[in-house]
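To begin, one chain is listed below as structure tokens, in the form predicted alone.
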């Protein structure tokens, strides 16, 4: 069987070598999944093969794609393959989608300009794709009007529209509930069943198991273990792979004890909100005390992010009211965004963004270095722009920035959706530590019910009022 893609001795540099020389091949109908911690080089390896490395990085090695041999050091020759031979589902849907264009039109572009369909057929095929992903009513909506999970599904449909025989999917299920994750896995497997090549980068062990094929585990820019997915995930040979599997919330032990009784930092009564003609929630009462961790679960698009934004005052409720505790500065009510690119100015370095925060609020800059260590982040990352670091690194930097403000209430909107299981466990433990030691109330949104059950003192469910 001839390989659709062969990558030979692919390495990535930025002054230092970030990805060690790596060789891999992609066969028709046999998925390859790369697992590993945030910042380990998984996405950089895929971007080098795709020819989409961020500015300031360079690649070495050779990729043979659909019979065409491309030296990666030149960065040339990839563009004619994009959409037709190589399809990319990037990690951040907000960076992949045009903010001024409706969802159906974005998917239709691939059918019209890559496959050559007329405008009517392109729209029809695009709508069918949206229907199959549970987005029947989202065709005219802009990306800003979609939840993170919805935007991810639109980006997936757009990546498939050109008919590429090789699909590189970078975290295709992040931010999705279990049902939608299984829907996306089924679509990926449909592509594989039709003889396509699939290279998936994910932190989701359940997705890797569902896809089957082969799995490669990456650590510090090196593939440390590789083999059939079932064998590697059932009987791992490398210590890091064993740690990765052990960090799955499904195998965490225990539940949090009851929080110490404390005064409420925020209360709400009779909240209701409708968006796009659909009622998200109605007649909701809520209160959260100092040191308490409350989880919110529910399907994608059920209003979880909207509920937290209403509590923070970022969105006005249609009915009801929110009352904050007296004597707490407004700046201590904070949010960790589901999509960290939306939390940072795109054209300045991360160091500038954090330094601006420190100056504006008179914070202690001496706390930055210890937090970098606690979050396992290199100080060198601060000299990059948001688009030049991985999604997991950017999410941890967003958490660092929030913690500098000593929050009294923290709305954490899917804070671990971009993190590998080991880093997720560390971040969740840090959030629990902040809640316990600083009396910070935490409202945690997650699609992972196992994580919520193991971490939160109680949880609320949304979705009964939302469309399926």
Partner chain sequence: MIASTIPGPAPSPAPVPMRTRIPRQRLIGVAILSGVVAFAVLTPILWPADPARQSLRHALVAPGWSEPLGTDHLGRSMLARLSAALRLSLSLALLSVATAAVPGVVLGILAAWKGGLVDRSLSLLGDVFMALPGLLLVLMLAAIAPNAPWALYVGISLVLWIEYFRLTRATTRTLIASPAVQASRLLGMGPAYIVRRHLWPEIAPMILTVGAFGAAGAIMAIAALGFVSVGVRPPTPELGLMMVELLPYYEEAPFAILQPIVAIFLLVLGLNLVAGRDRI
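Numbering follows the first chain given and starts at 1. This is a predicted model, so every value here is computed, not measured.
The protein also exists as the form predicted together with the partner chain; that form is not presented, and the subsequent description refers to it.
The contact residue chosen from 124, 279, 367, 361 relative to the partner chain in the model of the complex is 361, the criterion being a non-hydrogen atom within 4.5 angstroms.
Contact with the partner chain in the model of the complex, defined as a heavy atom within 4.5 Å, holds for exactly one of 60, 433, 406, 439, namely 433. Judged by heavy atoms within 4.5 Å of the partner chain in the model of the complex, the contact stretch among the candidates 183 to 191, 291 to 299, 353 to 361, 224 to 232 is 353 to 361.
The partner chain is not shown here, but in the model of the complex it comes within 4.5 Å of a heavy atom of residue 376. The closest non-hydrogen atom of residue 211 lies beyond 4.5 Å of the partner chain in the model of the complex.
Contact between residue 177 and the partner chain in the model of the complex is not found at the 4.5 Å heavy atom cutoff. Among heavy atoms of residue 165, none comes within 4.5 Å of the partner chain in the model of the complex. Residues from 37 to 73 do not approach the partner chain in the model of the complex: none has a non-hydrogen atom within 4.5 Å of it.
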